[in-house]
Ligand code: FUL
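Here we start with a single chain on its own, the form predicted alone, put down as structure tokens.
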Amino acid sequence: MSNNHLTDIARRAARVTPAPRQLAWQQLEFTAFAHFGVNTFTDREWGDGTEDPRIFAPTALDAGQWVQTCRDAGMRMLILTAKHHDGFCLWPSRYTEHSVKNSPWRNGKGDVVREVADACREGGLRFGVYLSPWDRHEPTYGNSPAYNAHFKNQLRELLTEYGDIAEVWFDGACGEGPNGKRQVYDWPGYYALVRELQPDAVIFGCGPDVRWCGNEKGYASETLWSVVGLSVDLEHQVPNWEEYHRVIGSDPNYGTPVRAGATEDETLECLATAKHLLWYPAECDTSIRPGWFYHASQDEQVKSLEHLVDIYYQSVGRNAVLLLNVPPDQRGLMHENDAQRLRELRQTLDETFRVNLAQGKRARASNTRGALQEFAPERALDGDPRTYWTTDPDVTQASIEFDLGQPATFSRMLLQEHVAVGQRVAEYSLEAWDGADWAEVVRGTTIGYKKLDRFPATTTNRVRLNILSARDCPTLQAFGLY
């Protein structure tokens, strides 16, 4: 493939931009999952749908405590498993008896979805719902038209009775129904219902707005583009799993050519064969414990602070959103061990990023769009997400030098592109002035919404950020040293 053709593809990809709902979702950065249901009381991860609803009996459920735990961690949204694979509904659905309405909790008058949605609204968190298409209890499952109508009825309940929904989380798990037939999900019909009833909600998973990072460890790949190429229009058709895994590209096991370690030319060649280029950012999901549902045996297996910090840098710090599961226990509370670890995480992150050593310092760039103050390099230091530095059209390599005024010691760097106009940077480096010459401190590939780099402590009074390669004129919305 000629260089000119690759350049054209790069420019096309660089000009794909997020929908407002996708940008608002990315700005949440760090969000919470709450796996809660009959599995909490059977000590299982996957239920089979034969559970007696009476086993669901939390003794002290307090959705406000969930929200406060999330707020203490700096999370900005909470997604609740309204229905998992067992089919048990945490709201009194009119379309099944397998729900909280037949449990002793709140004398059969309770509604977990309502309590969590209200607590999120009162506590300033966005609210999302997980609704499993696989339902091991529902007798129509496997009778595809009948079950799809049933599923849409339940989805409509959640989308119309609980206020604003920020994210709808669809699991792709699929099995055989009582009739021995595998259910065929009406994905386009599900999407259309979400678009109609909650147009500002992003749809995750098999959905058209947000993709899976490729693993349940919470790690995104070092190179992570939010623009991908697909053979189908995701609003109306779901890609086959082989293509979906190829596009995910975060896990080396998911193949080529868009894979961990792929070169920029390989990635562009893949985009060149696609029918559709679309903004499809990644979400990293993992659990604070080994399991997704609460198990008392795992109370001493909460991830270490060091592990959680590492996950944060390799998810939020790699252009993804981190969705961390914190499972409520049989009391209906987020466990003390989990809550304490989350407070420790927030304290560590707050201490690290409290003071930007570059904030308000002088900067000069090798190129600035039209030499306009509107796009001056200082725009990357003003703390305003609406402003940014950029270059003249067709200038894809440039550098910004930051004068720190006096020697400063740092070991972290924050970069943000102005992704509202596209993701463009393919490679960059940071250099420090050692008194005689420039010495490279760190080198990276993609930036996107946010990139966080860690490196050995460096002391200098001048640094230089080099944009070594970009798909179009680069942008820099924020630069920080910590």
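Just so it is clear, the structure is predicted and the values come from calculations on it, not from any experiment. Numbering starts at 1 and follows the sequence shown.
Just so it is clear, the following notes concern the form predicted in complex with the named molecule, a form of the same protein that is not shown.
F33 belongs to the set of residues with a heavy atom inside 4.5 Å of the named molecule in the model of the complex.
The shortest heavy atom separation between W433 and the named molecule in the model of the complex exceeds 4.5 Å. The closest heavy atom approach of D285 to the named molecule in the model of the complex falls within 4.5 Å. The named molecule is not drawn, but in the model of the complex it has a heavy atom within 4.5 Å of W292.
No residue in the set F41, F88 and H137 has a non-hydrogen atom no more than 4.5 Å from the named molecule in the model of the complex. Listed residues D171, E222, D164, D403 were compared with the named molecule in the model of the complex; D171 is the one with a heavy atom within 4.5 Å. Residue in contact with the named molecule in the model of the complex (any heavy atom within 4.5 Å), chosen from D72, D299, D310, E216: E216. In plain terms, the part of the chain that comes close to the named molecule in the model of the complex, with a heavy atom within 4.5 Å, is 78-86 out of 347-355, 78-86, 140-148, 274-282. Along 101-132, a non-hydrogen atom within 4.5 Å of the named molecule in the model of the complex is carried only by Y130.
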